[in-house]
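First comes one chain, alone, set out as structure tokens in the form predicted alone.
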Amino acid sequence: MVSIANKGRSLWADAVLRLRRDPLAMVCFTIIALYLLMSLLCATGVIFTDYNVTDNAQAYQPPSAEHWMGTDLFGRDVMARAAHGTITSLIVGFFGAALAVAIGTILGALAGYFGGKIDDLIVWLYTTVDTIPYILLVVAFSFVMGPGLNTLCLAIGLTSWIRFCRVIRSEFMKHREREYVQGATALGAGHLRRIFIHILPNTFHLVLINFSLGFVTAIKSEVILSYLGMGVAPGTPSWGMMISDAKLELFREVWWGLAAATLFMFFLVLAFTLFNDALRDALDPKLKNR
């Protein structure tokens, strides 16, 4: 039964209320916020300032009160490097996903709204790109442009927009014939106004959900590429680089570098994945006011 109090709430207000009432969503949101806070404090030099300080005499020290997660080959604090690796992952995740969502949203909106030859061209484009394995495209971009954060963001953004394009295209195809769009047309609204002012806000919840999904994918891609040696530049703290170094460290029974990188990545990816599921349910118009 729909209550009178719920009738006046917008979709966004209802979504926020649903999220606040979901304990798991709030726990995930808190974890994500803590990661962001830790990254900010690391970037500003408030905590873990010794992440790049080498001390060969302290190489491969096990976890202790001084070094909570031990030290690596060069005597660097593993906890500090894992914390600074969060900065790398968040930068790549945000900008890589933002670029992918922007490309996918624009192309999907144009294809779904105009249809015809424009739709055929865009469908041909993403179908062609989709025939190439995603990871090979990312590796090819990274190999040509060289390692670095900018390369990673561009490579991930330019190769992971296809699924976003498909989703937005299908939504625009449904919305373009609805009454509110026809009413805007009757009032003299142009194509751009109908696309960006009328239809896009009604599909923005899907853009937000796709961004969250793309964020997780970008983090995983950064770790994979860094593990393969085609991700961040040498010396940049990265979970992928730490996992790559662990290949040789495990032979020496040095497990803490692998454990630190895996745990940091696990909790961030898990929190984003679970929060995205809660966000998707909260923004579903079919569930509004239930």
Partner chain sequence: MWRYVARRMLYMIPILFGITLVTFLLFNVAGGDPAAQAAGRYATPERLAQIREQMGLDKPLLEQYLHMVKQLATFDFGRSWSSRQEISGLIWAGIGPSLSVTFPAFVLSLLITIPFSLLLAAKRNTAIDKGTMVTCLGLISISSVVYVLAGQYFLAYKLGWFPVSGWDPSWDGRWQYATLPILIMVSLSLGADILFFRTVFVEEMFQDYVRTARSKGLSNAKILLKHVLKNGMVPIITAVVLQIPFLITGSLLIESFFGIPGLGGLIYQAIQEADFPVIKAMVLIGAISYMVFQLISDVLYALVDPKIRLS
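Fair warning: this is a prediction, and the values are worked out from it, not measured in the lab. Positions refer to the first chain, counted from 1.
Not on display, but discussed next: the form predicted in complex with the partner chain.
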{"query": "Non-hydrogen atom contact residue 227 with the partner chain in the predicted complex at 4.5 angstroms", "finding": "yes"}
{"query": "The partner chain contact in the predicted complex: residue 260, any heavy atom under 4.5 Å", "finding": "no"}
{"query": "4.5 Å heavy atom contact, residue 28 and the partner chain in the predicted complex", "finding": "no"}
{"query": "4.5 Å heavy atom contact, residue 133 to the partner chain in the predicted complex", "finding": "yes"}
{"query": "Partner-facing stretch of 63-71, 43-51, 28-36, 238-246, counted where any non-hydrogen atom is within 4.5 angstroms of the partner chain in the predicted complex", "finding": "238-246"}
{"query": "Residues in 136-154 with any heavy atom within 4.5 Å of the partner chain in the predicted complex", "finding": "136, 137, 139, 140, 141, 143, 144"}
